[in-house]
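Take a look at this single chain, the form predicted alone, given in structure tokens.
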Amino acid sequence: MDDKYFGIVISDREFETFRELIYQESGIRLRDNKKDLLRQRLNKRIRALGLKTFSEYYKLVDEDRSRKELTELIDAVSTNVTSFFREIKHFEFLTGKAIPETLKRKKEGPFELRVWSAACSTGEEPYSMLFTLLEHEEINSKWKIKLLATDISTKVLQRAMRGGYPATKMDSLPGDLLKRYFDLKDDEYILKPKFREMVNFRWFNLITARFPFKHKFDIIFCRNVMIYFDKHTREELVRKFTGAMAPGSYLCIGHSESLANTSHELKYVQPTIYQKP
């Protein structure tokens, strides 16, 4: 049934079916009150495909062996809210403690800093991490920065790789950094290519994928992601993060998140910051 105001209607049964699929594929657990949100976000996609019901769309997703439509579905339900130097205390912690400790730990080599932005959205977070590293007084030419940025949404990754942002997104970026790292073109700030090329952007599903990394990370940001996961999913993800971390490395989570009721092997440092012993 179509309604010019509400679009295609989703039944309780259809909502439950999609909710289970989204949980299995992304770890995102939609609450009962998110039915209307799901309907709103999927209506446009269903209409674009010329379908009339949510059941038809589910059948299409289920039968698509390329999994491209599943990616479109996850893109539609993912929340991507970010800004440069969001939750500034994490970047202050990097400058004041995490980076100096890491440099000291690696004073005999290898002279590589391995950092991962595990839910990078449109790129503001990994680029903020990059600026923090490049601006640190103890990091010189002998150090090589290896910065990985991943996300489950292909759409935000495309925007992140381009590195272009409107002026309204730049308020949290100090003027000297803006001039040093960006070029202004047609009312848009574009990250200079040499800096954009320093970040390795990849599609990655934190829940279903194994962590295939050969080298351990020194710093991992996974912020405002686990808030959407249940306890079991959080514990499994933290376990995988721990396995990918070097001894003495740090995991930063979002300020609305905590591992207080989660089983893990990390040491609590301060709110939202944990260290691998």
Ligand SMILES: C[S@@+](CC[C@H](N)C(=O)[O-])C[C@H]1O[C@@H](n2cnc3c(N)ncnc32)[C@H](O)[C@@H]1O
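Residue numbers run from 1 along the displayed sequence. Computed from a predicted structure; not experimentally measured.
Keep in mind the form predicted together with this ligand is missing from the figure; the text below concerns it.
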Notebook entry, point to check: Among 74-82, 189-197, 93-101, 139-147, which stretch sits within 4.5 Å of this ligand in the predicted complex, heavy atoms only?
Noted result: 74-82
Next item on the list: Give a yes or no for residue 156: in the predicted complex, does one of its heavy atoms lie within 4.5 Å of a heavy atom belonging to this ligand?
Entry: yes
Note to self: Whether residue 106 contacts this ligand in the predicted complex should be assessed with a 4.5 Å heavy atom distance threshold; does it?
What the structure shows: no
Notebook entry, point to check: Quick one: does residue 229 come within 4.5 Å of this ligand in the predicted complex, counting heavy atoms only?
Noted result: yes
Note to self: Can you work out whether residue 207 and this ligand are in contact in the predicted complex, taking contact to mean some heavy atom pair no more than 4.5 Å apart?
What the structure shows: yes
Check: Using a 4.5 Å cut on heavy atoms, which of 130, 115, 119, 160 is close to this ligand in the predicted complex?
Finding: 119
Item checked: Single option in 53, 43, 242, 224 placed near this ligand in the predicted complex, where near means a heavy atom within 4.5 Å -> 224
Check: What are the residues of 8-38, in order along the chain, with a heavy atom within 4.5 Å of this ligand in the predicted complex?
Finding: 26, 28
